[in-house]
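Okay, here we've got a single chain as structure tokens, the form predicted alone, with questions on binding and movement later.
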């Protein structure tokens, strides 16, 4: 197991390097000048040239890339030219917010998907299964920001159960404010999770061990939870791990819609203001997050399925 885990860590290194390289190249190929954006359109060419020299933007692209890699090796993410603060301190403030949002979205995804998939697999030709398929089609066809706007309109304005936006100072207020954006992100992942769990549960219902349990006279409820859901949970863990990237990308948009001060809103601010160091640091952190979750998913899969440990 340790040898397998070490090999997975080694394979993660080129992935992280690829994320760093692609984000660096994409930002430098994007139109616009960070120095001109910082000083304004009315700034003189001499002032812009002086600021570009101060930031090292007048160097060739390979030299800038080598300098950036050298900073990363020493743990220096740089300084944000927009916020005028070290990016490390900005990450310490924004990253816990986004992580809380992603974790809550994953929890809500499972809380919604498991009952829907269970009901749909238990009665595949019933009215409930038809309603689940209709729900999946509607939710999957709607953009995430549209779902968020509708939830704000109904649950945040008309019913006024949840706050329509913002991030309060108290811990309880923050947790309550994250429910609506987390639900918005979760609804975008629920259809994929429901289909995967339903297929796994349908396969389990047709297996020999379920037929043997029924032959012993076990009721349907213990069979469903002890045999069917337990084996379908292996597929659920894999699907949820794969969808973490979708949850993180959904946070980029939803944090803007609900005015949540997380990594997503900071990344969008960096992109709009051509803050190279900030965008590259946010991309690196998101890439590390996905890689760590994938490693955790592999470990959980090996823990749940003995066949994976044997292979």
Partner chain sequence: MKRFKTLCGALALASTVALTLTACGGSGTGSGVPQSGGDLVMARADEATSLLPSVPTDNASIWVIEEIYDTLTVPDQSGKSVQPSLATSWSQSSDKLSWTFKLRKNAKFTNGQAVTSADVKFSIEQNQKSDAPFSFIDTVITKIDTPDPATVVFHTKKPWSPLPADMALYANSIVPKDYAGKSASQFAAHPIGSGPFKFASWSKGSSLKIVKNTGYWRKGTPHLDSVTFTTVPDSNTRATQLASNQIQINEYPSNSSIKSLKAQPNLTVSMFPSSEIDYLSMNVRRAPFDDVDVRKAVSQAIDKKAILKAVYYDHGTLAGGFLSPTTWAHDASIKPVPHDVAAAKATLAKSSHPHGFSTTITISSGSQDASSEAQLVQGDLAKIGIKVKIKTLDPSAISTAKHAGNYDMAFGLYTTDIVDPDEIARFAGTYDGGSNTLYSGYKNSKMDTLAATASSSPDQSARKAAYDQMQQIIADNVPYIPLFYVPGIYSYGKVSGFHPAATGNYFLEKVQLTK
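Here the structure is a predicted model, which means the values were calculated and not measured. Residue numbers count along the first chain shown, from 1.
Here the subject shifts to the form predicted together with its partner chain, a form of this protein not shown in this document.
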> Which residue among 178, 90, 116, 102 has a heavy atom within 4.5 angstroms of its partner chain in the predicted bound form?
Replying inline: 90
>> Quick check on residue 67: any heavy atom within 4.5 Å of its partner chain in the predicted bound form?
In response: no
> With the cut-off set at 4.5 Å between non-hydrogen atoms, does residue 205 touch its partner chain in the predicted bound form?
Replying inline: no
> in the predicted bound form, does residue 37 have a heavy atom within 4.5 Å of its partner chain?
Replying inline: yes
> With the cut-off set at 4.5 Å between non-hydrogen atoms, does residue 230 touch its partner chain in the predicted bound form?
Replying inline: no
>> Within 4.5 angstroms, counting heavy atoms, which one of the listed stretches 196-204, 153-161, 125-133, 179-187 is next to its partner chain in the predicted bound form?
In response: 153-161
>> Between its partner chain and 42, 83 and 146, in the predicted bound form, does every residue show a non-hydrogen atom at 4.5 Å or closer?
In response: yes
> Using a 4.5 Å cut-off on heavy atoms, which residues of 163-199 contact its partner chain in the predicted bound form?
Replying inline: 163, 164, 165, 166, 167, 174
